[in-house]
Ligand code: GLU
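In structure tokens, the next block holds one chain alone, the form predicted alone.
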Amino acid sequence: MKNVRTRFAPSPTGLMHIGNIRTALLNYIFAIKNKGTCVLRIEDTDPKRNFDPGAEKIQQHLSWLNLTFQEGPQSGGSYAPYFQSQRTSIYQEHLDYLKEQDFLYRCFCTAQELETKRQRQIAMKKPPRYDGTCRKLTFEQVQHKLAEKIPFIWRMKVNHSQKISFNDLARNTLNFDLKNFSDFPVTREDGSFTFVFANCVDDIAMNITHVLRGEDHLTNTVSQVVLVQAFGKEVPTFWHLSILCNKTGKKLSKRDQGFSLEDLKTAGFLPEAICNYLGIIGGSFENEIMSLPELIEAYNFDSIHSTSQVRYDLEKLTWINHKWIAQYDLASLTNLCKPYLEKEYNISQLSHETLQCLVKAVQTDMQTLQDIVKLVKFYFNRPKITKQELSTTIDSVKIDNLISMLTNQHGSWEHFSTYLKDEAKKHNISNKELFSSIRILLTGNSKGLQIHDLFVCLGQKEFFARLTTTQ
């Protein structure tokens, strides 16, 4: 295989969503797997809609996900600039070439006229596409409209008698009859360049060999292949990725929970878990929990299957996140949990050792980083337990004996645990009754941490103080 070059080309017109990340990830994995280069290119040609000036947020998100592109705005490279807004002269040069080769014509149709034609075609149950009205204008008619300063765009002269084909990694060779496609615009009325044209020119100029993007771009691909051939260049290989859908089978949208990367990040999902999930979704892997290097190693691009959609399962992502948290380095996990705790509790006086002890105690119970708040709530809020509440964990006739056992206790864990076993046996209190009751006195919940973990986390003084607060 020749030197592989892929690209991720996001538009800063909104927040990065899970579909964007999957596209970025697969472009990255494909390039690295094939010892190639992955390029980050920003499609910022629509300043009115730019939500993220300079694509700062996009680049921060990609960095957070540990997707390091070999070329791009931050990395630099031989094909700079990597912002489309800075590449106008390159587009103009390619537009001039198409004009010289007579591949283009001026279209003076207004947006209202085009919409009227479109609605008429739909009403007649015909596919809505441009009917080529301005392609039929004579030279004199064109000059007359220019003299009247009627706005126009440039359209591509599609050869409707031609058939084209290109290779798709999941579908092999795809064939299209151009009689089913209209003459598409390459510029807008303001002189700016369309998405289809700018993308194609950039892919040519940057020597992109493989284009991996969503299946919803399939019709754009036909137009881009027409352009590539007009420029006399080699058509890249494509992979039209299956669309991510929600559980009902509808295309994922901002209304779906877990759609926005920012929301997932805020909720406490780890970047490793997000990449892990998006890397295995729709595929089959022997091991489901994998780091990015392991994903790259495990991916087999020779056995890609075509499917129209892939279900995005937030529950599965949460499970993977839980697995990652459970195996995470404790010091790093503690640092990641701190912002969530600081927002809810005053931890300024808490030693790092105590904080790390708390995180370690609940680490395997966390599904997201946000869970740390509820899991360690017991530490910051001493519960006040009544005898009636204790009766949910121990036979009511044994409660007084239990309270007597626990009153005025102190000393080491070894001393206390030995004492507990002897006294419980003496008063016929089962282990389940004993430990559930102690746990509810310490945390307000009969289920949860091991008693020894609570002894360590709370500290000896607070531990015994809570055992004698029964009302």
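So that there is no doubt, residue numbering starts at 1 and follows the sequence shown. Since the structure is predicted, the reported quantities are computational estimates derived from the model, not experimental observations.
Keep in mind that the form predicted in complex with glutamic acid is not shown, yet the notes after this line are about it.
Candidate from R118, K157, H217, K360 lying within 4.5 Å of glutamic acid in the model of the complex - any heavy atom: Of the listed residues, the single hit is H217.
Contact residue in the model of the complex, from C457, A9, I18, L449 (heavy atom within 4.5 Å of glutamic acid): Looking at C457, A9, I18, L449 one by one, just A9 meets the 4.5 Å heavy-atom criterion.
Which of 226 to 234, 193 to 201, 292 to 300, 276 to 284 lines the interface with glutamic acid in the model of the complex (heavy atom within 4.5 Å): Residues of 193 to 201 come within 4.5 Å of the partner.
In the model of the complex, R213 touching glutamic acid (heavy atom, 4.5 Å): Within the cut-off, so yes.
Partner proximity in the model of the complex: D46 to glutamic acid, non-hydrogen atom cutoff 4.5 Å: Looking in the model of the complex, residue contacts with glutamic acid do not include D46, since no heavy atom lies within 4.5 Å.
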